[in-house]
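Below sits a lone chain in structure tokens, taken as the form predicted alone.
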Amino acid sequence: MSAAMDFSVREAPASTEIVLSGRMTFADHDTFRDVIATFERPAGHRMVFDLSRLDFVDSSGLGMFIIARDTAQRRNLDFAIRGARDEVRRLITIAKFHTMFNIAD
């Protein structure tokens, strides 16, 4: 079993990519606040969650994706998620997140 969620940030001039890894659950709420802190960007900036290293997400984790999307909308940022695989991709599909999010892959 992989560890709790971790993240890394990759900056580019017009975009910020946040790579989430491990298991994203309710226990990661405090860590997720640090992720949301990276959304302090100018309007129009692109924020991308790279989920390719995320092994698991529970319903609380899915809720955190909604918080991220809503934060991006309030700040006029372009927000997308990409790279979901296996179980994470399945849950995103079941939750119909593809209808609520820009899926960039």
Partner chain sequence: MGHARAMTAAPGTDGGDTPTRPPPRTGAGASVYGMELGIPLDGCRVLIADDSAFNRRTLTRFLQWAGITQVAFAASAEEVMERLESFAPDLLLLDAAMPRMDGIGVCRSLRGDPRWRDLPILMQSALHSDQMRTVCFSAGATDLIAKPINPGECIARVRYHLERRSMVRELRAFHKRVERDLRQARAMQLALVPEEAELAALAERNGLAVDSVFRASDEIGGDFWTAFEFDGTRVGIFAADLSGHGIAAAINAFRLHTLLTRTPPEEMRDPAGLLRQLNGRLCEILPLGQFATAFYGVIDRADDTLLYAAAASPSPLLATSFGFQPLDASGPLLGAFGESAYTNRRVPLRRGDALFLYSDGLSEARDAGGAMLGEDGLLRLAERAAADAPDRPLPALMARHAAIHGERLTDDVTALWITLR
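Positions refer to the first chain, counted from 1. Quick caveat: nothing in here was measured; it's all calculated off a predicted structure.
The discussion below concerns the form predicted together with its partner chain, not included here.
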Check your understanding: Should residue 59 be classed as touching its partner chain in the predicted complex when contacts are defined as heavy atoms within 4.5 Å?
Key -> yes
Review point. How about residue 100: is it within 4.5 Å of its partner chain in the predicted complex, going by heavy atoms?
Key: yes
Review point. Looking at the partner-bound form in the predicted complex, is residue 45 within 4.5 Å of its partner chain by any heavy atom?
Key: no
Practice item. Verify the contact flag for residue 18: yes if a non-hydrogen atom of it lies within 4.5 Å of a non-hydrogen atom of its partner chain in the predicted complex, no if not. Key: no
Practice item. Would you give me the residues of 83-105 that have any heavy atom within 4.5 Å of its partner chain in the predicted complex, in order from first to last? Key: 87, 90, 93, 94, 95, 96, 97, 100, 101
